[in-house]
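One chain follows as structure tokens, the form predicted on its own.
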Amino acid sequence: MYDVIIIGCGCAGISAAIYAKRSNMDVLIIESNAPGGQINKSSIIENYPGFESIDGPSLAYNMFNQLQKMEIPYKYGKVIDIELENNKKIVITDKERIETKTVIIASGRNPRKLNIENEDKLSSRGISWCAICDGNLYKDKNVVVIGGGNSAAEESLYLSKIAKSVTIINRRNELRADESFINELKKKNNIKILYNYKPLKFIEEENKFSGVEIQNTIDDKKETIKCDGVFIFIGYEPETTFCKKLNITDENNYIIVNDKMETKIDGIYACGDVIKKDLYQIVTSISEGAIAATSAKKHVD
């Protein structure tokens, strides 16, 4: 039986594993994708202390390499359920059942995709889901933002301070964002909003991103917007399908925790992008992983 099983090997899970191992806990990490999580999709990271500039895959490799040097056990597998049995937990994967005293859920979340032509191909090569991460790559350039909610509006305002122009593509005749955001958008001279349009495909020319083809939702007229980059903000989906039975999530499927990263179930913790919080960044996820591991250690003791 392990002292702690960590579900997810993104930056939050890696941080939790390092702190748990250093406190002499028997640790196991389970991950179904590439170690590093969402940071693998960032072409350049310039807001993580200690690195003036580093690409996401390199940072993910450095983190995972530290795990390997600490000889922290790592298993590839997809977690499909967590069962409670007396004072222990049973993590069920698509391959086996593993017993543990505590569980740290760090499974992260995935940005919703448009599922249109060239989206996967041009990901991190002109298409981004994080303005704070990648905005500086488009300084004094023309960008497009797809979405109409608070995230799209807030990130558009952020990008307007960096980019030459920001064009918002919204499929409805009005934005869903709060009125305060909409008022701020209207004050910006370099923000343009196209209502009643939906993206059809991303355009690639000479093996480079060059723009997006859109279609009017009223008259079906198509046109192409030439731009240097596109930011997609149509929501996120936390990876919490395996813990539905635990009833620890909110109406949007994010896990609810307190300041100790405790869920309402004794011995089950969560950290990183899978929890409900205000700021989704590498630095916050890493600190939450450390807190979760420290809380788990106290529980085991």
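This structure is a prediction, so every number in the text was calculated from the model and none was measured. Residue numbers here begin at 1 and follow the sequence given.
The form predicted together with a small molecule exists for this protein as well; it is not shown, and the discussion that follows is about that form.
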query: Any non-hydrogen atom of Gly235 within 4.5 angstroms of the small molecule in the predicted bound form; finding: yes
query: Contact test in the predicted bound form: Asp228 vs the small molecule, heavy atoms, 4.5 Å; finding: no
query: Partner contact for Leu114 in the predicted bound form: the small molecule, 4.5 angstroms, heavy atom; finding: yes
query: Partner proximity in the predicted bound form: Arg172 to the small molecule, non-hydrogen atom cutoff 4.5 Å; finding: yes
query: Interface residue in the predicted bound form among Ser151, Ser160, Thr93, Thr167, criterion: non-hydrogen atom within 4.5 angstroms of the small molecule; finding: Ser151
query: Ile146, Val79, Ala131, Val143 - the one with a heavy atom within 4.5 Å of the small molecule in the predicted bound form; finding: Ile146
query: Every residue of Arg109, Arg176 and Phe181 near the small molecule in the predicted bound form, heavy atom within 4.5 Å; finding: yes
query: Answer range among 117-125, 215-223, 202-210, 152-160 for contact with the small molecule, defined in the predicted bound form as heavy atoms within 4.5 Å; finding: 152-160
query: Pair Val283/Gly149, Cα separation in the predicted bound form versus the displayed form, closer or farther by 3 angstroms or more; finding: closer
query: Direction of the Cα shift between Asp178 and Leu279 in the predicted bound form, where the change is 3 Å or more; finding: closer
